[in-house]
Each structure stands twice: as structure tokens, then as C-alpha cells.
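Below you'll find only one chain, the form predicted on its own, shown as C-alpha cells.
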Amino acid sequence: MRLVQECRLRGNLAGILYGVSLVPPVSPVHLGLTSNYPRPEEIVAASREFDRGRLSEDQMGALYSTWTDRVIEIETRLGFDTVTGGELPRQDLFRAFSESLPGLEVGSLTRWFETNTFFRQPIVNAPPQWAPGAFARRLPLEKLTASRIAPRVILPGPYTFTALCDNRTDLSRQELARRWSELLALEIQDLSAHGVKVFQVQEPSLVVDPPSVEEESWVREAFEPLAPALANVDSVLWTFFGDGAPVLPLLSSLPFETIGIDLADTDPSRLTELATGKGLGLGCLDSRTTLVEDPAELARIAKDLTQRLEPSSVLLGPGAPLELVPWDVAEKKLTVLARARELIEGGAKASEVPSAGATSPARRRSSTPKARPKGKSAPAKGRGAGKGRSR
């Protein structure tokens, strides 16, 4: 990093003296599945049969294993830098913890922001306690660590957890958020010992319902317990469903290497401040539309942000969870990431990349529905409810 900064300084001095920039910003481009993958119809149908007692746990496990292999194949084929397996067995962001951690229980079916999917609201009855290995057993760690690509695991962040849970304890939100960070730190240490290299913390509520200026101090304090655990791993803070520009300075101050922004809700031109040494994550695939993005447009946006913000690296991935689109559409969208990286790195010309019918997240921003800051209970009905329940 020091070498890169020194080269940039020399390049800037050359630009002042000679009117040209000899050394452009150096920002490696990485690709990753920054959300869960949509469940195929076969798994959705099988989940219903399992709930009715017509399929055994072993049969469901075998089905998850088969489709997890397919997601890993997609991630590998497209040249992604991390592998997740799509997190297909996870019903929602919180359920694995609500079902396994002492102090928590699974609550009512609740709408997932302004989408047609649902999650089970975590109920906090007592200060949550860590259960060693409980979460790890729910992950396909053997498959992930056997891959030649670095495993990535997605975790619910403390601000979003405390925004969406039903807190029935005497703990204040600040105290519960810090407690959640302490549990995540233990989880990260345990999973890193099992070979997980990259940890991504999901924080949509930080941009949907951001803290006030007065609240920012306790938010920073709540994340402090994570810092030691993240020091020896690669870490990503991922936001979506809201405008990341106003809170980018706050996000940059948190103990993560890379800060992810959802371009479907954020005007890239308004991203003006990124802490030195931080990587920039670009959620450049909009999961709320089946339209496939234009790789040339994504490359243009990424190049512009790289030149202006000089991030240590750039991570391209979906913005919001891809579960909102069908399986085949998700694969087409992910293919765009590989093509965009080729354009950014100069390996292909824009004219060589098909863009018919393609679009850009920035062009759809005005039509994106505003996200709900707090989960709202809703009756389970229709396709979206079934999808949210069995996710």
C-alpha cells in the first residue's frame, strides 16, 4: 500500500510539472457474489415437501449439496475471487442465529424492506450468547474450503440486527449492538480457524435508516469489538436498499477493508469521500429488475470512481440480494461482472461486448422503490411470501 501511495504521489507531481499523469491510480478489480443466490424452483418445491414431512432431512441436504456445487461452478467459471456457494440452505439473514443462539428465538414472518420477500424477525429474550460451532455446522465449509478460491461468509451486522429484531431485554439498542459485535467477533475467529478467508457483514439499515450525527459515536463504538477479529482476515461492509453517499464517511470509519455501496440507490457522482487505504465495493447489479446491466457502463462508472476516490481495490458484485430474480437471470447478471472487469483492465473493447437490452443501475435509480427502515409484519401469501418463508 505504501508503494502504491508513493507511486501516486510521484505521478501527481509529474502531472503538476508536465501537465500529464504518469502513474494512474492502481486499484485491483475483484469479483464476488456479495449476496445469497436465488433458490431454483426445484429447491423451492422440495422445501414445501420437506415442511409437509414428505422429504427427509438427508434428501433436502443432498439437494442443497447438488445446487451448491452448481453455484460454486458458476463462481469459479466467471473468475470470481471468492466463493460462497450461494448460501442456499439459509432461509434468511438471521434465521441460523435465531435458531441456534441462546437468548434468541424465531419470531413472526416480516417483510424484508420494500420487497416481496420475507424473513423471520429475531426475538431477543435475553442477552444473546455464543454457541460454538452452531453456525459453522450450517455452512458447506467442506465444499468452500476445498475450492481453490477463498471462501466468503456473509453475516448480519449489529446496526441492522438491532434495527430489525424484537428486543425484549433491558439492554439498550447500543448495548445490544455491541453485544452482537462481540458474538460476531467470536464467530469470525472460529470460522477463520476452519479456513474461511473473507467475511462480509450486511448492513442495509445503515443506509435505509442511517444514524443521526449524534448517534454516529455509539455506532462506531458498537463496531469496535469486531476490529481485532477482522485484523487477520479480509473484511467487507456491504450496504444496499439505500443511498450510501451521505453516510460514506461513517462507513469508511468502521473497521472494514472494503465498503460496499448499492449503485441502484446511490448516484456515483455523489460519492466523494473514502478513507485512505479503503477498498470500494460497487453493488452494480440491480436485483429488483430482470434487465441485464451493460458491462461497458459498469466499467465506465468503476473507472470514474477509481480515478476520483483512489480506493485500494474495487469489488464488483450484486447490490441487494439476488434472490429477488430467477436463477437464470442471476447467472446472466453475474456474467456481466466478468465482462466489466475485462473492460476496466483493458482486456476487451466496449464494442466487443453485447449491450442490446442492457441497462445501468444508475439509469433505474429514480424508479427504485424506497426501502422500509423497519421490517413490517405482513401475512404470508403469494409467491413472494413463499419465497421469503423458504429462503
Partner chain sequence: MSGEKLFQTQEVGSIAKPRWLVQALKGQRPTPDALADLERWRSRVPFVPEHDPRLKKLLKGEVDEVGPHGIRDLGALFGLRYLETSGLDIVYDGEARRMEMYEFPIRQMTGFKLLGHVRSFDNKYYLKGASVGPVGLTAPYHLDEFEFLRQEARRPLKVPVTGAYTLADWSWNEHYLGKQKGWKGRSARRAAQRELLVDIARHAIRPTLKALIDKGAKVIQIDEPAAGTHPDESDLVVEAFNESTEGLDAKFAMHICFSDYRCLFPALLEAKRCSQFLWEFANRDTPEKDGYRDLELFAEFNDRREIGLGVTDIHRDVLESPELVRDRILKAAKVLGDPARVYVNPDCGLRTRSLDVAWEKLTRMVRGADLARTAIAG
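Everything quoted here is computed from the prediction, not taken from an experiment. Positions refer to the first chain, counted from 1.
Same protein, other form: the form predicted together with the partner chain, not shown, and the subject of what follows.
Asker: Among 171-179, 224-232, 278-286, 311-319, which stretch has residues whose heavy atoms lie within 4.5 Å of the partner chain in the model of the complex?
Answerer: Correct option: 278-286.
Asker: If the cut-off is 4.5 angstroms on heavy atoms, which of these, Q91, T162, T258, Q202, is the one near the partner chain in the model of the complex?
Answerer: The residue in contact is Q91.
Asker: Could you tell me which one of I301, A150, I72, A185 places a heavy atom within 4.5 Å of the partner chain in the model of the complex?
Answerer: Among I301, A150, I72, A185, a heavy atom within 4.5 Å of the partner chain in the model of the complex occurs only for I301.
Asker: Within 4.5 Å of the partner chain in the model of the complex: all of L33, W67 and L274, by heavy atom?
Answerer: Looking in the model of the complex, the three residues L33, W67 and L274 all stay beyond 4.5 Å of the partner chain (heavy atoms).
Asker: Given that the partner chain is not shown alongside this chain, does T117 nevertheless sit within 4.5 Å of it in the model of the complex, heavy atom to heavy atom?
Answerer: Judged by the heavy-atom cut-off of 4.5 Å, T117 is in contact with the partner chain in the model of the complex.
Asker: At 4.5 Å between heavy atoms, is R341 in contact with the partner chain in the model of the complex?
Answerer: Flag for R341 set to no.
Asker: Please run the contact check for K197 against the partner chain in the model of the complex: heavy atoms, 4.5 angstroms, yes or no?
Answerer: Looking in the model of the complex, residue contacts with the partner chain do not include K197, since no heavy atom lies within 4.5 Å.
Asker: Considering non-hydrogen atoms and a 4.5 Å limit, does the partner chain approach L263 in the model of the complex?
Answerer: Flag for L263 set to yes.
Asker: Within 4.5 Å of the partner chain in the model of the complex, counting any non-hydrogen atom, which residues from 41-56 show up?
Answerer: E41, I43, V44, S47, R48, F50, D51, in sequence order.
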